[in-house]
Structures are given as C-alpha cells and as structure tokens.
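Next up: a single chain in structure tokens, the form predicted on its own.
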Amino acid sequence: MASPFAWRVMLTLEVKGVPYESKLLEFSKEDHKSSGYLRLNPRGKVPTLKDGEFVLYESLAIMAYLDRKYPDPPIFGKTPQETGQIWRSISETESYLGLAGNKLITAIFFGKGLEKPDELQAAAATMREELSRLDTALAHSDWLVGSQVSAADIALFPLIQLILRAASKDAAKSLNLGLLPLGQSYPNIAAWVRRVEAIPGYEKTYPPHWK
C-alpha cells in the first residue's frame, strides 16, 4: 500500500518544480525501522525530508516548509482568506474523510475490523457524505480553494486515490461502498482527479508498485 503522506510531499515538489531525490523504503524489509532512518525520523514513518543538514518529518509540516522556502507558486494561499480556507479544507480531510477512509482502507487491505460490520458501514456512510460535499464544491470550481492547485488539493488527492484502490478490491465487495465507477458516483471529483493527474511531473509521483 502506498503512503498517501509521502505522495503529498512529492506532488508538492512537482507543483513547485523543485528537483529532488526520492528514496523508496520497503516496509516488508522494515527499512523504516533501520537505525539510519530512525536517526532521521524516530517515529519510523514516512515521509522524511532531508534538505542539506535540515531534517523534517510529517507531511503537512514538510509542505508548509517547502512553500515558505519555494514560494512560487504558493500552495497555502495568496490572501489571508485563501490561507484560512485551505487550512479548513485540510482539517476537514484529516478529521472526517481521513478517519472514515482509513478505517475502511485498514479493513480492506489488512482485514482489521471486518468483524465489526456496523462500524464499517458507519464509516462508509461518513465517507460518502464527505465525498458528496466535495463533489458539490467541485461542481463550481476546478480546485478546492482558489483558481489554482493548492495544498488543499495536494493533501486530499492521495487519500482519494487510496480509497478508490481499496474500493476496487474483492474484500470491498461485501461493504457495498457505492464509489465505483467514480465518474458516475461523483463526476466532479472524477474530473478533478484528471486535472491533478495532468500536473507536469505527476507520473514521477505515482507509486511504482501500483503500475
């Protein structure tokens, strides 16, 4: 399973046109628990950014750092209003869609929680409600906030892709998620996904083991 958090950072780098070197960690080999990696990130998670002697982990923190260091194009807003709206959107992604989606993703990919169908159905209902909100918002705008791709889009996109990948698995059939095909269920989100995929350099960010 790809890390949506590492994907966020790579998308940010591509949007900003910043050259970088990406290192793939194999979780099956516990690369993220090696002594060398734990010296950089004691939590043993991804992503971790090393910029010269400076080291930073947690995806949103890295995105904010990159936006301050490479301000063009800005991804956290051009005005105070846009900045507030972008952070509101990110907070909603983390607090609502993220929590519900992660519960379903964990059940589908790892079988954890399948013995609690009521909880999974409640999570699925929350997920569909949040996706409906997003689809309505994207009916009136190409991007979640403002007239160009922002951190709100970048934070959300990998989660959407991971949810869609989970929904395509056999283990998801019994849950009746009602997501696929995306173009029928949520046409405006589907169009937004295509816009993100059209960002120059996008292919470099795509999880290699998904190809």
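Position 1 is the first residue in the sequence shown; the rest follow in order. It should be emphasised that the depicted structure is a prediction, and the values quoted were computed from it without experimental measurement.
One more form of this protein, predicted in complex with a further copy of the same chain, exists but is not displayed; see below.
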### Task
Have a look at Q121, S141, T136, T79 for me and say which one sits with a heavy atom within 4.5 Å of a further copy of the same chain in the predicted complex.
T79
### Query
Should K45 be classed as touching a further copy of the same chain in the predicted complex when contacts are defined as heavy atoms within 4.5 Å?
yes
### Task
State yes or no: in the predicted complex, is some non-hydrogen atom of S91 no more than 4.5 angstroms from a non-hydrogen atom of a further copy of the same chain?
yes
### Task
Considering only heavy atoms, tell me if T106 and a further copy of the same chain come within 4.5 Å of each other in the predicted complex.
no
### is_contact(F110, a further copy of the same chain) in the predicted complex, heavy atom dist at most 4.5 Å
no
### Query
Okay, which stretch from 30-38, 170-178, 156-164, 60-68 lines a further copy of the same chain in the predicted complex, with non-hydrogen atoms inside 4.5 Å?
60-68
### Summary
Near a further copy of the same chain in the predicted complex, with a heavy atom at 4.5 Å or closer, the residues from 84-99 are G84, Q85, W87, R88, S91, E92, Y96
